[in-house]
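Take a look at this one chain, the form predicted alone, written out in structure tokens.
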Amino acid sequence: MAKTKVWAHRGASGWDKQYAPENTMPAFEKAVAMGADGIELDVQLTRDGEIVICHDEKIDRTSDGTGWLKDYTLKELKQFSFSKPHPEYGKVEIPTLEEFFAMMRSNHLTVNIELKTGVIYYDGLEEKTLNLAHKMGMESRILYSSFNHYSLQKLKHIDPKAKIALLYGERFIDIPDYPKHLDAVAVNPPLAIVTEEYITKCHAHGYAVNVWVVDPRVEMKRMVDLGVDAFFTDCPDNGRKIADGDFSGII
């Protein structure tokens, strides 16, 4: 059985500890330093069509600005600080996907890109993201996911070689037919629905299982014991220890 991978959820953003502002370059750099096997991030489009990394459709929670991300140009967004939960970091700019890719060239980590097209449909986001990945030589390291499966279907139509994972919040009742229909290589289910039976069924049909979001150490150990392919966590340092077999301190 392959070793379970540890993927940093929005970088090393912390849970039981506070690390760095989510979806920012400091969080991504910290995830690499903590030994993560991969990094998960979220992409959206600015008003002028630039790909930026941010989870929420509004910038209020994570920045000192307000309103919809889509209503700002990249230059305008760069004026805000995206370290609102971490004022100790000072001003932290919203990163572009290109800036992130440039940093990732120095390592070999997997990248899970979530297309944030579930609330707002960003026309052209799929093609722009694929084009940038190819331009920067990252395409072989990327797994694309989204709650909007039409967006993933469009992405596969543009690039049949792109690897997609079906992100969802409820249990599929028709594995393997539904993922097979979309030519997915993986499913990204929430922690609450993951059972040994579910994992066995997915693996039997060739789908990797990448679970979100796993922060309690006892749940990390359970995922390792069940043999999931990867788990997303806000605490990649804890995940690294447990994936490597260090179970000390687990209640």
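Start at 1 and count along the sequence shown; that's the residue number. Predicted model only: the values in this text are computed from it and were never measured.
The form predicted in complex with ligand G3P is left out here; the points below concern that form.
Comment: 36 to 44 is the region of 64 to 72, 178 to 186, 36 to 44, 215 to 223 lying near ligand G3P in the predicted bound form, near meaning a non-hydrogen atom within 4.5 Å.
Interface membership of His55, defined by any non-hydrogen atom within 4.5 Å of ligand G3P in the predicted bound form, is confirmed. Mapping the unseen interface onto this chain, Phe147 counts among the residues with a heavy atom inside 4.5 Å of ligand G3P in the predicted bound form. Ligand G3P in the predicted bound form is approached by Glu114, whose closest heavy atom lies within 4.5 angstroms of it. By the criterion of a heavy atom within 4.5 Å, Leu167 is counted among the residues contacting ligand G3P in the predicted bound form. Using a 4.5 Å cut-off on any heavy atom, none of the residues of 93 to 107 reaches ligand G3P in the predicted bound form.
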